[in-house]
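Each of the two blocks below gives one form of the same protein chain as structure tokens; they are labelled structure 1 and structure 2.
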Structure 1
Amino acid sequence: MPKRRAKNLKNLKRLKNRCILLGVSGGVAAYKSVELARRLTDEEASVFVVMTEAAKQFATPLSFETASHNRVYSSLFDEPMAHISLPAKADCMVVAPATANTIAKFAHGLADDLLSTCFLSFRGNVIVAPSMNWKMYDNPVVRRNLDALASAGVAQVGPGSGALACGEEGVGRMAEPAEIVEAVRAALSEKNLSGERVVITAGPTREYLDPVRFISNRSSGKMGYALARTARDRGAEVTLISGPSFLGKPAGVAYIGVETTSEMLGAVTEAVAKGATVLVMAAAVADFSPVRESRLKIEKGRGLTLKLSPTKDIVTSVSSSRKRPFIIGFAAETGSRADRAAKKMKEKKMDMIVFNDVTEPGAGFDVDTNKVEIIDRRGRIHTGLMSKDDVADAIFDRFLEIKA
């Protein structure tokens, strides 16, 4: 591999400098949208909030001003051209909470306040996050209005089910802010991976000693799931093959749950054979397996000496096959051992390897951030500490560079 100075990648954020118009209508979930505004500004997006009169009964403009670092708009007449100028500078419009009334106005083109006029003049991706009582949400009239919005190209996120403000249970809870941010990221993603068929592995694998005990590792699956969401958002057809994880299955990807290394090997081989163009091995595959798996629970007795044998290497099995996809591996090491990772890449015939030092703060297990070095035949790139979603973007950006 040519010795090149590692490039530093800083501030790679998909939402950075993007302008989001956040509409807030009058539902009790309005308070959750304050957090949504804060999360969007944390991602360095500029956020402009438009509140309906009813929304101000549930959350104060001051809260949104503080969270968005911008003044809040509400009246149609204070600045008569705001309904044109605000949408004109926005890249995406999000309405959260979207009440039954606001949804009805949008669906029928009513334009009697700032939010509904903004909706009509906006040319771009709109996302609504409905929030209402389950009986209202279930009402065919509301459903028809939402269908009308969907056929006009408006995306919907949520609602979820659970306890509602009225004390009843059902479907009608506004989607959580994290889920809405994800929908915004998806809406603003350039579809530059369309045509790619990406297989991603995530999480740990387990090797059983007996029916109740296994050997595994601390992987949460967060990096692999972030890669799956990101590839999906960027237009790829994604298959996520995951070991046991507490994370929710990402929507819009083919999901295959596995437990052991040999199950993962089987699933990867099958998915690759179906014509994958990229394989990303983000899973922390168990390296050893008990030589013998007891059919019955092993009794405590006087202690136990385990005899282990190495598991089959999944990535090598794919890289040595005749019709191989572009292969991206991971190397989670303890200490600054990028050279060891580079060696692994060569030995396992991968096209790229993503090295991280799990002892670094914010780059270990079960956290939402990572700090990696992307190594390939052309050089090395340091990402700096960033969210796993942004690391996933950096990896696919590099893949596109290499492929070009």
Structure 2
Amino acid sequence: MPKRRAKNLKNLKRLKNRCILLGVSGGVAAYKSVELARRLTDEEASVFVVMTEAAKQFATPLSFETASHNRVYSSLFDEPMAHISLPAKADCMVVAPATANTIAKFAHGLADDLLSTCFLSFRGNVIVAPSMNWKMYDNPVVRRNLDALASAGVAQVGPGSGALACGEEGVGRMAEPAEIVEAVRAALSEKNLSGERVVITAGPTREYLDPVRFISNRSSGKMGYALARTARDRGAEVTLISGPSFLGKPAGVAYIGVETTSEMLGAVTEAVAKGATVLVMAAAVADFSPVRESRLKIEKGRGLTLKLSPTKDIVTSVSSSRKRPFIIGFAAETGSRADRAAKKMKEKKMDMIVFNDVTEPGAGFDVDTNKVEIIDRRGRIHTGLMSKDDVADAIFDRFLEIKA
């Protein structure tokens, strides 16, 4: 099979060289937007910050200049054409925090400061992250204003629920910076998976010995969750079937939680039967289960002889069905055993398999990076070490090349 590197795949680093216009209005959550500016900059985006005068009461322009490495703007008159030039070069506009006052200005077309005039002249994707007291957020007037923005194509992220600055609790906390960055990635992603119905498995499965003990593996689910986010961002309808994981459920995907291999098999079979076009088996499914599961906790004694039997193979079950989707499997191995993965792909009638050596630094369990070899019947692609989000992009890029 011919081999090549993934360095030319076009979707890697979706925010690299993108220009983000970050609006900061006068809410106490403005301090979190300094972290947001830093995260966007770390993603290799160019970030230009526009602050309202009220925002300066909660965070300093110097903080944002340090985080973004760019000048901060706030006045309509320091640079009279800034409300035209800043939006003209931006790929996405994010307003975080978006106070009730700023939301009202946007909804009614008011333009009395630099931020509101930038909003009116911008012609790209706009994301607002509301932040206010829960009573204000519940006010019908605020909700109507948000609905008006949504009908104009403005995306909303958050707010979350929890303790508020006023000491009360409720819905009104600004979304966390990581969640907002995720929304920016989604807004700027090419929707080249639109029309695809993608089922993705993630995490480990558990096979119980008794009500309190089980055998499992070290999978965190990070690769599968990255695949789910990426497929969603690129326009697919996504179902994520996950074994136990500490990761938060990705927004905008159908989520099904399972524990055992048989539960995952049932969930995958049902999801595929509903018309899935792609199945990505990123879960670390248990290969064996105890022959017998004790109904009571096994007492500690002189020792235990554990008899295991093979679990039913999910990929084989799906690949032998009459209306099967495009199947992408994973092979986590210890050592350079890519040929073993290629053999597995053929035997189980997969269309593609992703091999990784979990003993490689940065490519094992519980890390945010991976280094894989994407294998299909046309050839092999080596990604090199990169983030799991970028690996997910590389996998779907290859899927689209094959489909074309």
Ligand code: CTP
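Think of the rigid core as the biggest set of C-alphas that the two forms share within 1.5 Å after superposition. Numbers follow structure 1, counted from its first residue as 1. In this text the structure is predicted, and so the values were computed from the model without any measurement.
One chain, two forms displayed separately, with the form predicted together with the ligand being the first of them, structure 1. Put the two forms on the same core and the Cα of Ser336 is off by 2 Å or more between structures 1 and 2. Taking the rigid core as fixed, one finds a CA shift for Arg377 of 2 Å or more between structures 1 and 2. With both rigid parts superposed separately on C-alpha atoms, the smaller turns by 10° against the larger between structures 1 and 2. At Lys274, the distance the Cα travels between structures 1 and 2 is 2.4 Å after the core is superposed.
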